[in-house]
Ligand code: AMP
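Shown below, as structure tokens, is a lone chain in the form predicted on its own; questions about how it binds or moves come after it.
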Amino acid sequence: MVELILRATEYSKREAILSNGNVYSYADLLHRSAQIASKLLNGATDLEGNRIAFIVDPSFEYVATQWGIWRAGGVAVPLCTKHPLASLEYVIDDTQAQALIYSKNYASFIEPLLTKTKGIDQATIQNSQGVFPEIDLQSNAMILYTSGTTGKPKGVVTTHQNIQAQIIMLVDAWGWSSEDKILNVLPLHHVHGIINVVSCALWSGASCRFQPKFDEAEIFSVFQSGSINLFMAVPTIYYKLINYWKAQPQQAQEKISNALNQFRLMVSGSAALPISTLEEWRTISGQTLLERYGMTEMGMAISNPYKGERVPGSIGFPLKGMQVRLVNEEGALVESGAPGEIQVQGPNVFKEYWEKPEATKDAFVKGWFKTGDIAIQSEGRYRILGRNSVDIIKSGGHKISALEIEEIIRKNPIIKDCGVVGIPDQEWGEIVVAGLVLDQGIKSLPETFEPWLKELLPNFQWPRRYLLLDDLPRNVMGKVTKKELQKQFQSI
């Protein structure tokens, strides 16, 4: 049994999860995950690394499903509940998933996928048999998909040892204890929600409460109940909460602020936190948001201190057990204060990109993982300057591949060419925008274009603005100059 699940036996009577109005103990979680493991094994002794996809809302059942897959010796492949069917089909095909576990909310939606893999209705999983395989920490545990500059999502493979290292780093750095209670409002196909919130809480014997949908009034109501002392979110969520607070009468504002002031820790991540948002939240809550830096490929690597000064605009210092360096384009170390690409080593760094040996090889140099993020360092403290590629857009906590969106847009017969970029936005960090070159004779976008595109892309990838162009800006080699395209949008 992996350490995360083994530790649950020590906390069996404690409250583990609040979900859909119900309270579940660690014993409940162990029992339900055993039922799911038994169903998956179906008389076999070990899944031996077979991939099991699942589409379940953030909840007690989500965690039990993930643990059940692990206990049976499988590799968990969580699917994004907001992705279009085509995106899920890609993941099913790419991982050659042996089975797809689904909750009733998604039964009709995923039905077309059941021609490719065995479907398991979560509600039918009832019985449990006791013997499960021993799990090697070096074995594959999870595959999460992240968009890269190739345009095709890549499956990031982490082992049980990688995940355990990620958890231990954060439990130590952020002072987790069994008395902690955290509210999760994040999707659970990202490291942020899976590791930073849920897994750290359950490793520590703490309690995790799931919010069924994002609603500012409900979130503040939970905060005011006094039942939560930790919160982690993306900058966009803090932005929305700030605006809600501003719209309340003074007495309500004071009650909210008094409740927020009692929290032990609040963290912001998955995208750059605007300093204005940090300062407004500090004014409202008395909390200085802790900024940190991580990726799907490594969990977290750098963090502002839990105890100590948190500098706005800074991501802080390397976590215990991490090696971090900055290098220039020639691969040489840069001096303090000079920009360089962040490269990392540590036990938390992923194993490989699923069945993409060349992409895996290209991601490392002499054992160092190349993050693609540019930063400067002074007195050990790091500050992010941006990506070394304009083809990755960070919006609302999501990393979005511009090339992937371009591939979809170009499938429309009226599109001659297109360029997708991100431009700064106070609420989202960046928003997706698209420069379009229409086929000859077409002067404007038909009303059918956006509905067509929205059928093929998840909502966070939808372009928010369009610019119709005679041609895309290009350099002398014919390559699209995306920085110039960004300028065109910003000059409108």
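Just so we're clear, the structure is a prediction, and the values are computed from it rather than from any experiment. Numbering starts at 1 and runs along the sequence shown.
Missing here is the form predicted together with the ligand; even so, the following discussion is about that form.
* Spell out, yes or no, whether the shortest heavy atom distance between residue 152 and the ligand in the model of the complex is within 4.5 Å. => Output for residue 152 is no: heavy atoms all beyond 4.5 Å of the ligand.
* To do: Report whether the minimum heavy atom distance between residue 180 and the ligand in the model of the complex is within 4.5 Å.
  => Residue 180: no contact with the ligand in the model of the complex.
* Taking the shortest heavy atom distance, is residue 202 within 4.5 Å of the ligand in the model of the complex? -> Heavy-atom contact with the ligand at 4.5 Å: absent for residue 202.
* Might residue 272 be said to contact the ligand in the model of the complex, defining contact as any heavy atom within 4.5 Å? -> Within the cut-off, so yes.
* Which one, 416, 394, 310, 160, lies within 4.5 Å of the ligand in the model of the complex by heavy atoms? -> By the 4.5 Å heavy-atom cutoff, the listed residue in contact is 394.
* Answer option from 354, 239, 293, 223, heavy atom within 4.5 Å of the ligand in the model of the complex -> Selected residue: 293.
* Asked: Exactly one stretch in 83-91, 109-117, 319-327, 293-301 has heavy atoms within 4.5 Å of the ligand in the model of the complex; which is it?
  -> Among the candidates, contact is made by 293-301.
* Asked: in the model of the complex, does each residue in the set 146, 373 and 399 place a non-hydrogen atom within 4.5 angstroms of the ligand?
  -> Yes: 146, 373 and 399 each sit within 4.5 Å of the ligand in the model of the complex.
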